[in-house]
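Shown here is one chain on its own, the form predicted alone, set out as structure tokens.
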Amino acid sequence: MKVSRLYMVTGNRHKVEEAKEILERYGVELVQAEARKLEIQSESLEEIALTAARYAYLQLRKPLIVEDAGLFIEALNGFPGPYSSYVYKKIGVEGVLKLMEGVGDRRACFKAAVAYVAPGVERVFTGEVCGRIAREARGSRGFGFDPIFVPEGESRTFAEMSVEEKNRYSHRARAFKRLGEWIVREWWSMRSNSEG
């Protein structure tokens, strides 16, 4: 049963693959869409994602989502956090490992915010997974900081896992599960109201 079609505004095919794997379970057909993205500077992933989704909706006029995520490292006071994409482009995985040289406290959390915008509706769904920063990069799958993040209860980095394995733990998967559950509830609610 297909509940709905949803557009994901991103140029990152890895994010789309991870989101599709989750949303298919809820009958949501996910379609990657291109639109000009407005990226604001904020300490809040929710605000960044929602602002970008509102801007994209003005262009596409279709139900859509925008996801923003960040790696928050305890010993670095939450850095790079909402600036993770920029930091990754500038110093990469090796740069973060360099910052962590000699640091004993390797705790870190990945956080994600998925903003949904449709006619008359705006919602943000979040997800978080905590773990630790590995001592060296491992694995060739995934993207971004996946080669250095080991989720709690695992010995492998995200980059050593398949999409399905990563989705058992990931911040992004948790946010998309919340979105999928909400879409199904809304769909059934609208359907029962129209039949009643």
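Just so we're clear, the structure is a prediction, and the values are computed from it rather than from any experiment. Numbers follow the displayed sequence, beginning with 1.
There is another form of the same protein, the form predicted in complex with a small molecule; it is not shown, and what comes next is about it.
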Students should find that, of Glu152, Glu39, Glu34, Glu128, the residue having a non-hydrogen atom no more than 4.5 angstroms from the small molecule in the predicted bound form is Glu39
Within 4.5 Å of the small molecule in the predicted bound form, all of Gly70, Tyr88 and Arg172 (non-hydrogen atom): yes
Can you tell me if Lys15 lies within 4.5 angstroms of the small molecule in the predicted bound form, counting non-hydrogen atoms only? yes
The small molecule contact in the predicted bound form: Phe145, any heavy atom under 4.5 Å: yes
Could you tell me which stretch in 23 to 31, 131 to 139, 55 to 63, 164 to 172 has residues with non-hydrogen atoms within 4.5 Å of the small molecule in the predicted bound form? 164 to 172
